[in-house]
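As a starting point, one isolated chain is supplied in structure tokens, in the form predicted on its own.
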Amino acid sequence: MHISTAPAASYLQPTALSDALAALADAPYVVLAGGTDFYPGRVGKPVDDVALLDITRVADLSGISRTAEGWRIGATTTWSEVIEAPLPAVFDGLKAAARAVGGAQIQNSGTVAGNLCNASPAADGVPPLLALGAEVELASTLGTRRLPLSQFILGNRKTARAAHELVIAVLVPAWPEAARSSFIKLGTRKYLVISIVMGSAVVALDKAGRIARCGLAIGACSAAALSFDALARKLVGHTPAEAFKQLAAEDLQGLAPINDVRGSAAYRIEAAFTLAGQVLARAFEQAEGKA
């Protein structure tokens, strides 16, 4: 069987999605969007020995739009575009995370899908999207498929994307109009820092002030950020005040932080529990109109 391989120094910049998918079907390219992860990772190394597929000119992959099911964020949508988009308040947590993705230059170039495909345990965009219940849409010459974000990122720098596939969008389901969200990042300083722990919560209250729907995710404390769906379900039906009484350390089982220069594993576990309470409190306050 003949397996096609891309030339060592090839560079393609298609303008049509079909051409991008055809290239991936024919050869194993490294997909390039903003390049904010690729180029720093190549410091001191040549870049002309890598086969690159630059998708920044594929118009179908950019922009944010309303759909019948919720919202569609194109793969090459930048973090600056997320910040500036007129989105409902449930996206405030994602916008806060977007502001934490490096400085303005990084936000102007870095893309939403690139942040997910890089699959760093400390990727700022992942917890808010997990809390929102986002899915990833992948395409190839064989068709399209959708995966929950929690099933797309498999671990540190590992995703479920096959070599012949391209992430074309992030899909966020519809939330009630009154839903609110939050994002908090704990680091050694306020800006331009890799997080020690980060978290995001999304909350929708019913007319009686009880939790009708909830999402919570914690990042930088495991090989991939985790969504705590069982905890979210446990909180449904309770008032915010009651919810805090329901919150217990065992609800965050699955976290497996490392020891590094930013903090010990034990500290991260303790911080994650505190942060979970803080992001929920902030989302509750906003949903109740107190913030």
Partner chain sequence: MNHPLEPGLKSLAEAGLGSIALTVNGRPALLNCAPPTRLAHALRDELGLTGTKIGCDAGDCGACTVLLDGKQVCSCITAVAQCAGREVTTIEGLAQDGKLNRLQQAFLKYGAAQCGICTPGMLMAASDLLAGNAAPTQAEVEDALGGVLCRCTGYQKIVESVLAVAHDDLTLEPPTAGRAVGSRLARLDGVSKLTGAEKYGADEYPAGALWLRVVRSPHARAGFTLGDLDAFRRKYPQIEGFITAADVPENSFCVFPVPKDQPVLADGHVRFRGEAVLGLLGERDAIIAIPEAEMPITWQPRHALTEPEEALTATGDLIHDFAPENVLCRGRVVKGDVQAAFPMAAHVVEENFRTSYVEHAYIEPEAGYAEVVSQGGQERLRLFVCTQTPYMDKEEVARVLKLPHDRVRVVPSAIGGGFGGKLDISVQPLLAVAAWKLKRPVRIVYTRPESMASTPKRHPSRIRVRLGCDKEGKLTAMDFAGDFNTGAYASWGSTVANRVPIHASGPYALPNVRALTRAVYTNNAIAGAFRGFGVPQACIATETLMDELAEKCGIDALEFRYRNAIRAGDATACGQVLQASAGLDQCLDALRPAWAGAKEASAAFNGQAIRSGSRKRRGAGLACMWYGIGNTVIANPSTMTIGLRASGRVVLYNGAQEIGQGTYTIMPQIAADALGVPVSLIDQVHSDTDLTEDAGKSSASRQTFVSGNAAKFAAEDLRRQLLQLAGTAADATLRLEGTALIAGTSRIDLQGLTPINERGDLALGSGYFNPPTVPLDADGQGVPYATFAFAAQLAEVEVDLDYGTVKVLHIHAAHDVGRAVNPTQVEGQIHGGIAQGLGLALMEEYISGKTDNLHDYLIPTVGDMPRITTYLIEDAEPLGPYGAKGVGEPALVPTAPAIYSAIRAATGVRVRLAPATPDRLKAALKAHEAGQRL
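Treat the numbers as computed from the prediction; the structure is a model and nothing was measured. Numbering follows the first chain given and starts at 1.
One more form of this protein should be noted, the form predicted in complex with the partner chain, which is absent from this view; the next part is about it.
With the partner removed from view, which of 74-82, 208-216, 171-179, 130-138 is the stretch that lies within 4.5 Å of the partner chain in the model of the complex, judged by heavy atom distances?
After filtering at 4.5 Å, what remains is 74-82.
Quick one: of R233, R42, K245, R66, which gets a non-hydrogen atom within 4.5 angstroms of the partner chain in the model of the complex?
The option sitting close enough to the partner is R42.
Answer with one of N156, Q105, T144, Q151: the residue that has a non-hydrogen atom within 4.5 Å of the partner chain in the model of the complex.
Result of the distance check: Q105.
Whether G35 contacts the partner chain in the model of the complex should be assessed with a 4.5 Å heavy atom distance threshold; does it?
Close contact exists here: in the model of the complex, G35 approaches the partner chain to within 4.5 Å, heavy atoms only.
If you check in the model of the complex, is Q13 within 4.5 Å of the partner chain, heavy atoms only?
Yes, Q13 is a contact residue.
Does A122 make contact with the partner chain in the model of the complex, using a 4.5 Å heavy atom cut-off?
Flag for A122 set to no.
Any of the heavy atoms of T274 lying within 4.5 Å of the partner chain in the model of the complex?
Yes, T274 sits close enough to the partner chain in the model of the complex that at least one of its heavy atoms falls within 4.5 Å.
Select from 45-59 the residues with a non-hydrogen atom within 4.5 Å of the partner chain in the model of the complex and write them out in sequence order.
Result: K45, P46, V47, D48, L52, D54, T56, R57, V58, A59.
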